[in-house]
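Given next, in structure tokens, is a single chain: the form predicted alone.
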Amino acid sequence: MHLDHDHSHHGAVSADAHRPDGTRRALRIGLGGPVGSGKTATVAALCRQLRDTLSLAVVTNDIYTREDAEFLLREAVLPPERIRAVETGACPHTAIRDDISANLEAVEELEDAVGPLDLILVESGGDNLTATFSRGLVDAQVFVIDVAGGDDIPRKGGPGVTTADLLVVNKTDLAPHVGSDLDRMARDAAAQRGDLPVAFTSLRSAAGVGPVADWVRARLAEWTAVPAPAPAG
């Protein structure tokens, strides 16, 4: 059954678009998806694609470790001061959807420390198909699945698949080896998502993240084109 989607937030500037000093804050994009789908690899690839033209930073979420942040540090995708790790200590949904205070503190600390920033990527810990980000934390959200998880994932749906601003189907190079039908996944995703976009990616090549990077650039262009509302008070 097809779900209705509210597209009214696309291109809109959040009410909290200002920092305390009155300047526009960074655009915040959340990346979620199941364990092993390639969220951290996608974040790393985006950093490599965008770091020469944009001022960006990353916040990672893990339950009890700093593993994702340490991967990004080892890969040297950004200077260390531009990467923050949040240890959620509980279900990943909590820190990105329910009690977002730790993540908000991390993004605000990044802007204070290394700003002004154009973009902050907020990566969720490994989650499931129900995970979504609070709009109080991010301005747009990406949901990453992979073909090895089964080509029926788009058909099964769930909030992550059906409502994310961008659905990424990753590891397309594995499709012949795991019996996944990419055409079927594309049809099922379109049936679930309506006109919300879907990107098929393989990160085995440097250009593989290109469709996601282009989408991020378009969201940033929208963010900077609309005048930010005057701060309240």
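Not measured: the values here are computed from a predicted model. Numbers for residues come from their place in the sequence shown, where the first is 1.
Omitted from view is the form predicted together with a small molecule, to which the following refers.
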{"property": "Option from 121-129, 156-164, 134-142, 74-82 whose residues, in the model of the complex, bring a heavy atom within 4.5 Å of the small molecule", "result": "121-129"}
{"property": "4.5 angstroms heavy atom contact with the small molecule in the model of the complex for Ser180", "result": "no"}
{"property": "In the model of the complex, Leu203 touching the small molecule (heavy atom, 4.5 Å)", "result": "yes"}
{"property": "Heavy atom of Ala207 within 4.5 Å of the small molecule in the model of the complex", "result": "no"}
{"property": "4.5 angstroms heavy atom contact with the small molecule in the model of the complex for Leu174", "result": "yes"}
{"property": "Site test, Gly36, Thr40 and Asp68 vs the small molecule in the model of the complex, non-hydrogen atom cutoff 4.5 Å", "result": "yes"}
